[in-house]
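Only one chain is shown below, in structure tokens, and it's the form predicted on its own.
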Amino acid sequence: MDILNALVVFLNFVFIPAATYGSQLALGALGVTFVYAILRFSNFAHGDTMAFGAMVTIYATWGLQALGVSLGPLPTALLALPVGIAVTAVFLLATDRVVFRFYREKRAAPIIVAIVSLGVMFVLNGIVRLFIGVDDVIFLDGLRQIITPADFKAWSGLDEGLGLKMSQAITLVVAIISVILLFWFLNRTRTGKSMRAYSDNEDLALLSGINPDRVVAVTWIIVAALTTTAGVLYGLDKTFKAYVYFQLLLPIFAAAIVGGLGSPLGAIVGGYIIAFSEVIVTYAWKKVVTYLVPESWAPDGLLQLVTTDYKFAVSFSILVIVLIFMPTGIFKGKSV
């Protein structure tokens, strides 16, 4: 029984939260890797693009709720998500036309375009803070818990109760569907194959008749879909707060680089590596260990390597190690 209790605690506080967080990071890292692979620069406005897409979706959600529209047990935000994706796509396409296109035509160095993206980041950050503020915004409605700890205890007879939030289940399901659709698009459609060819060899792709403007436009639309979805899922799970998305930039870039910058599969794997690393290192393992060892060996301390205040230091440490010893990442992406 003690082993089962330890397993439930592990699932509750380590595995399920890390899998949820990893799914959110994976979607965000996919957006980063798409921009780097096709547009050839690191987009530092990525985190605030997530915030922008989530903000638009929140306003659309409030509008639907005011009209009495809902999805029953599911969050209304899922119904509003296409609106957020569409508005974010228009914004990114406009930004590319006004800002990034000039530097692309001049074939500016990637570092120059990355610095320009910092300016876009500050503009986006200001827009989000101006319209929705800096306070916590809770927009999750519908059923909150799929499995409650109390119900699980009554069913299992264990001392520990397993809980599964609706936001966690939705994150995992939506992430799986998004990844399947993305890989189907890249491998089965003509546009997806054109994007892959453009990423592998831009000059050869142009000689083959591939329209670069179309590839760039589709890239920004995909990035809008990925970032908005990731931002909304994170907001549903943790509540929306504007400045938090800027902080997510570090673990998202770390995930993309660890997996292999430019590799979609690497971005997904890197997202889960970073998420599980952060959760495992910052979790206090006292309760799990207490169930697994004799009572006389029970630890007095929390058995926590670092506090949650330093969770981003875990991402940074992994990022530095990978850049030193494996600069192309696990799946041999493009070198940084």
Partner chain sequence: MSEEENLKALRNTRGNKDASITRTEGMSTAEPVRPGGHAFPAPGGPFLAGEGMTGGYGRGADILHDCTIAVEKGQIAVIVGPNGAGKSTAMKAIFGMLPLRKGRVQLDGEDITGLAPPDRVARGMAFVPQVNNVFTSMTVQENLEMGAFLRRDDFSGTMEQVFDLFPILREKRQQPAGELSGGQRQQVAVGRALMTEPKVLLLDEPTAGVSPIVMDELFDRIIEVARAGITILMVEQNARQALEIADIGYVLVQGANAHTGTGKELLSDPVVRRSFLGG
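Every value quoted in this text rests on a predicted model; they were computed, and no experiment measured them. Residue numbers count along the first chain shown, from 1.
If you look for the form predicted together with the partner chain, you will not find it shown, but the lines that follow are about it.
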Classify residue 323 as contacting or not contacting the partner chain in the predicted complex by the rule of any non-hydrogen atom within 4.5 angstroms, answering yes or no.
yes
Wondering, does residue 167 line up within 4.5 Å of the partner chain in the predicted complex on heavy atoms?
no
Would residue 196 count as touching the partner chain in the predicted complex under a 4.5 Å heavy atom rule?
yes
Touches the partner chain in the predicted complex: residue 261 (any heavy atom, 4.5 Å):
yes
All three of 6, 11 and 285 touching the partner chain in the predicted complex at 4.5 Å, heavy atom to heavy atom?
no
Only one of 183, 122, 131, 102 has a non-hydrogen atom within 4.5 angstroms of the partner chain in the predicted complex; which is it?
102
Note which of 249, 89, 210, 216 lies within 4.5 Å of the partner chain in the predicted complex, where distance is taken over heavy atoms; exactly one does.
210
Stretch in contact in the predicted complex with the partner chain, which is absent here, among 157 to 165, 71 to 79, 196 to 204, 229 to 237 (heavy atoms within 4.5 Å):
196 to 204
Going through 92 to 116 from first to last, which residues have a non-hydrogen atom within 4.5 Å of the partner chain in the predicted complex?
102, 103, 105, 106, 107, 108, 109, 110, 111, 112, 114
